[in-house]
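One chain comes next, on its own, written out as structure tokens in the form predicted alone.
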């Protein structure tokens, strides 16, 4: 392999920690070290906790949400997104810095980046799919559907890259891989097959429009799992229902491997402290 630059190649972008398209995303989960507490948290620790979950000025990331977590796996969790990875990690560092840090232990985290998936149909692929499903190539109905999709696509892609976090009460977070086992190796399937399976998977999700909002961020090359799934819901019933329904899709039933699930409920700093009874 030659080390000489190709004079005809496009110029490379300047080195940067900012992704060219998406944002950095951090999911962090913690427990309070009650065994280290002789008394409720001091006012100084309470103030530090509140400040960590509501950074201001230049330190504020583009997106931050906090949750108390159901079950014994964690007490609370945060989800942070920003173009700058230092701003994402700074929220975590603020929680584990002294003096509060002696009472807070990180139990799990996931580092990822938002993206527009290769399985999101282009306008041309969307049109071809409708025709394959029986639409008349010359019909006004087809033109209307394609036109509507063309208008929606930029907004949908913006939500994939720089999402607004819905102010809904329930959320579920879990990592996943696609399997590589003999007979079910996702990465040896042709793109056309993978694309069809993901289209089926997307149809399952569409049934929950207005009830569940989903974000998939990518951990490939960044963390131990390949993707992170975030589901926000108007009601925890919808979390149960959508995950169950999607388990029957081939992309999930045959090819998906899942990591730990964390279920949380949207809460500000004082609500987390009160719920966990540490102040």
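Numbering follows the first chain given and starts at 1. Since this is a predicted model, take the numbers as computed values, not measurements.
In what follows, reference is made to the form predicted together with another copy of the chain, a form of this protein that is not presented.
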Practice task
Report whether the minimum heavy atom distance between residue 165 and another copy of the chain in the predicted bound form is within 4.5 Å.
Solution key: no
Exercise for the section: Give a yes or no for residue 188: in the predicted bound form, does one of its heavy atoms lie within 4.5 Å of a heavy atom belonging to another copy of the chain? Expected result: yes
Problem - residue 194, heavy atom within 4.5 angstroms of another copy of the chain in the predicted bound form - result: yes
Practice task
Although another copy of the chain is absent from this view, report whether residue 138 comes within 4.5 Å of it in the predicted bound form, heavy atoms only.
Solution key: no
Problem - Interface residues of 76-106 toward another copy of the chain, as seen in the predicted bound form [heavy atoms, 4.5 Å] - result: 85, 86, 89, 90, 92, 93, 94, 96, 97, 98, 99, 101, 102, 106
